[in-house]
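This document starts with one chain, in the form predicted alone, laid out as structure tokens.
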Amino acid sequence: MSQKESPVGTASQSDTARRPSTHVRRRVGGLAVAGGSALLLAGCADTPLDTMAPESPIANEINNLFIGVGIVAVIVFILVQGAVIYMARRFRVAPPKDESQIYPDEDFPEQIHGNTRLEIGWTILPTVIMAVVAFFTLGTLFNLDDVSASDNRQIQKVTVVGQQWWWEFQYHLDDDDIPDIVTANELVLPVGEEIYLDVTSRDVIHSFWIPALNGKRDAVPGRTSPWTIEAGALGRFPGECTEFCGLSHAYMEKWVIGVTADDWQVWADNQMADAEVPTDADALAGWEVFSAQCASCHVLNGLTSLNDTDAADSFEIYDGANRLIDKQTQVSGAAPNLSHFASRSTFAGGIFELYENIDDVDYLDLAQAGDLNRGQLEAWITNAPEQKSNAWDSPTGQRGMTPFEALSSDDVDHLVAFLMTLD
């Protein structure tokens, strides 16, 4: 048998060299499956952010731009790939009969310089397409940068403060620098009103984004960035921090709640009322636990005092990302204001539902008609770092809630009873 011949049923050395081994094919296939799975899992979240369901005029404009550019991209892709496939089939060279020569001299394709008209055409056409896309893109960007809010609005502005790892909202109902309402993680807005936002941060760079209502705006420490937002429909709209900001960045959620103008006024009047010492025995015992264990971080307007004075806390302690405190006694530097904790739908930086099965419950009725998620709330109180990683014991400064595993079950029950009076 000559060296050029090979036994029947076996491959020649050249064929073997040209064909990838089974091991290599399996490895490539495994990597492809793993990569596809990673992309799929990366799009999964407890609170999916739907960028294709706009609920405000500016979000609708962003969505229309995205769809328009996507359609153009698909058309260009089809045309380019179609031309490539056509040319590959139309001008392909038949395989040589003698495998010792890849391209026999007599079958070598004719060499041409090119086609001047085609080259001019496929230079001008993409330029025109990109110019049209740029025109509509710039128009949308200019509209995004127009941060002048509507007139005759119920809220003059909201100061949005990002912090590891939650969001604070300071409502200004007039031109006074002192806020009238301070909440955490849930921004309640009257439907149909474009609201002016001042976005900032207490520590590192965060990014404010409610995809159903607007684009993104970075929250930068030491700087205030103007923005606007409008809830175009009733409901709850989720958002995330979209600038990596540390340990629990992925669990720094927020919500915008759209309510009617009348309901918003009822909600606002309630939020401006001070917390009160409860009369119920269990809740009163819970207030004593709160005062001893929680009041060094959390504010209850009308009850706690972070000034080392007899004066109860009020909204005067807030000034954007700073707090007007004569003598800083707050251990964490800043923690969510809990004055009306029971009126909210979430806690722990927006990642846990405070009430279960709330689809048919009005937002303003949660404290009265909601089914309390007691198990999760008690787990959070007892050992928050186990539920959401934080740096509560960091030597550079406390950034998360301290574990309270020493609390007895009665203490926790009383504390929950007290928190549920803060509606």
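Counting begins at 1, following the sequence as shown. What you see is a predicted model, and the numbers here were worked out from it, not measured in a lab.
This protein has a second form, the form predicted together with a small molecule, left out of what is shown; the following refers to that one.
*Asks:* Is there a non-hydrogen atom of Arg344 within 4.5 angstroms of a non-hydrogen atom of the small molecule in the predicted complex?
*Replies:* Residue-level check for Arg344: yes, a contact with the small molecule.
*Asks:* Check Ala335 for me: does it contact the small molecule in the predicted complex (non-hydrogen atoms, 4.5 angstroms)?
*Replies:* Looking in the predicted complex, residue contacts with the small molecule include Ala335, since a heavy atom lies within 4.5 Å.
*Asks:* Taking heavy atoms and a 4.5 Å cut-off, does Ala285 contact the small molecule in the predicted complex?
*Replies:* Result no; Ala285 lies far from the small molecule in the predicted complex.
*Asks:* Quick one: does His298 come within 4.5 Å of the small molecule in the predicted complex, counting heavy atoms only?
*Replies:* Yes, His298 is a contact residue.
*Asks:* Pick from 287 to 295, 227 to 235, 274 to 282, 116 to 124: which stretch has non-hydrogen atoms within 4.5 Å of the small molecule in the predicted complex?
*Replies:* After filtering at 4.5 Å, what remains is 287 to 295.
*Asks:* Any chance Met401, Phe404 and Leu407 all have a heavy atom within 4.5 Å of the small molecule in the predicted complex?
*Replies:* The answer is yes: all three residues contact the partner (heavy atom, 4.5 Å cut-off).
*Asks:* Considering the small molecule in the predicted complex, which of Ala348, Ala212, Val161, Val188 comes within 4.5 Å of it through any heavy atom?
*Replies:* After the contact test, the surviving option is Ala348.
*Asks:* Using a 4.5 Å heavy atom cut-off, which residue among Ile358, Ile381, Ala59, Ala367 comes into contact with the small molecule in the predicted complex?
*Replies:* In short, Ile381.
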